[in-house]
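Coming up is one lone chain in structure tokens, specifically the form predicted alone.
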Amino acid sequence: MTETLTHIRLFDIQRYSVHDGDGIRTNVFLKGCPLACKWCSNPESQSFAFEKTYNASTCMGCQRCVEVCPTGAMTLEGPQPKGTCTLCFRCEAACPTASIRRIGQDWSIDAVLEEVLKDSAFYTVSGGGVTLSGGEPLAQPEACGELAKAIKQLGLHLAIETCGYAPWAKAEPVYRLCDQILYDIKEIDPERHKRFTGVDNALILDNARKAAALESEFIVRVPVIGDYNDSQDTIQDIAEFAAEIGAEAIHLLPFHQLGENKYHRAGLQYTCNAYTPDDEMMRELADVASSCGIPVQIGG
């Protein structure tokens, strides 16, 4: 174990995952992301700040949250506008049905390692390990780097799922510690990328070129979003770029709407009008990507 005092802000740790890397994995989700993708399925991951969600469907109307709230931010209709809530989370502690949840916890590096090691036997037999995800892990570069170093000192396989939007000087040390880099590329055209995600993609593409040249296995992952980036031309552009920089493979990930309820629970408006590409469309897009001379996988 490490003796560091550094803390890292997470919004979830998911054990026994078979996605986001090889084998059986533990996914560590860091809070905070510099992008604001219109289709984001984890809106609770975007802000670095602590947040609160309220699930009206499980609320029993007992009013315990109302009774303990010091600012009047809780009513039977749910949380009031965020400005009245001080995030003391007394309501969460009082709620008997867990309808109110705190999003975001500060973990010590040691505590994360203790959780990760619970499934070490599964990593060994399946060729799995740990995946740093988010949000965007590199939104907390120092803590992420310290956690990555500690995981590698345990001899575990380490992957990172990243959007690539971070200064190279911050990203490179973390990437070099990783056995596998799962690198999201959503769009090549810079104007469309900024319209859909809120940021330009020049830094993302430049970092991709540099990261692909490292010893880590480099895989491009494309979330295929219906009505956003699901055209054959867009997928071909991304696949050609991936092949050009020497990526080992490209993974096409069909969009899903499983995160819609999270917006409602957080008091946010869900504005994404995307659809889920069907199997036939995904196969056609995979054929387009394959024609660019790079191995293609649907899902990942």
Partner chain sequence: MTQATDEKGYAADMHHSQFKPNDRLKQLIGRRDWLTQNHKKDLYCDNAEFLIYHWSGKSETFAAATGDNAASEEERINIGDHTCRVDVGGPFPYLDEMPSKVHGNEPTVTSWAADYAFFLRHSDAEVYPHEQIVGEFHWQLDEARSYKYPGSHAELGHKARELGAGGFSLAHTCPDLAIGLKLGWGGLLDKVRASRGKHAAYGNAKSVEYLDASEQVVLSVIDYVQRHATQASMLATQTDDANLKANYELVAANCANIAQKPPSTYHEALQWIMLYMIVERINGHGNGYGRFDQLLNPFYQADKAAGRIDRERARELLAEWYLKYGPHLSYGGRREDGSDATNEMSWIGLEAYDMVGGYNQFGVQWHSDMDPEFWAYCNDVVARHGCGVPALLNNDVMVGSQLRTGFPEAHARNTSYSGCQWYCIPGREYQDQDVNCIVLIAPMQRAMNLAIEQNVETWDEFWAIYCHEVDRTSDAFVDFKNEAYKYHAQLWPEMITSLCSHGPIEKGRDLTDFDSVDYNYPSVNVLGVPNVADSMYAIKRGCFDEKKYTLQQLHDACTSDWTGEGEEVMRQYFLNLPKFGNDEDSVDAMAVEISEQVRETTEAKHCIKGGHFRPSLFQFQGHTVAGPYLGATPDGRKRAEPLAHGMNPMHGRNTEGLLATANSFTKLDFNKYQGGSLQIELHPSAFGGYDSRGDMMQQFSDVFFAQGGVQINLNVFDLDELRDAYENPEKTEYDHIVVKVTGYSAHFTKMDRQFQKEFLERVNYTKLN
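Numbering follows the first chain given and starts at 1. This one's a predicted model, so the numbers in the text were calculated from it and none came from an experiment.
Another form, the form predicted together with its partner chain, is not on view; read the next lines as being about it.
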* **Any non-hydrogen atom of Arg195 within 4.5 angstroms of its partner chain in the model of the complex** => no
* Looking at the partner-bound form in the model of the complex, is Arg9 within 4.5 Å of its partner chain by any heavy atom? -> no
* Asked: Quick one: is Gln14 in contact with its partner chain in the model of the complex, heavy atoms, 4.5 Å cut-off?
  -> yes
* **Contact test in the model of the complex: Glu187 vs its partner chain, heavy atoms, 4.5 Å** => no
* Structure fact -> Per contact check vs its partner chain in the model of the complex (non-hydrogen atom within 4.5 angstroms), the hit among 143-151, 211-219, 178-186, 118-126 is 118-126
* Structure fact -> Checked Val68, Ile245, Leu268, Cys62 for heavy atoms within 4.5 Å of its partner chain in the model of the complex; positive is Cys62
* Though its partner chain is not shown, can you say which of Gly155, Gly72, Pro167, Pro96 has a heavy atom within 4.5 Å of it in the model of the complex? -> Pro96
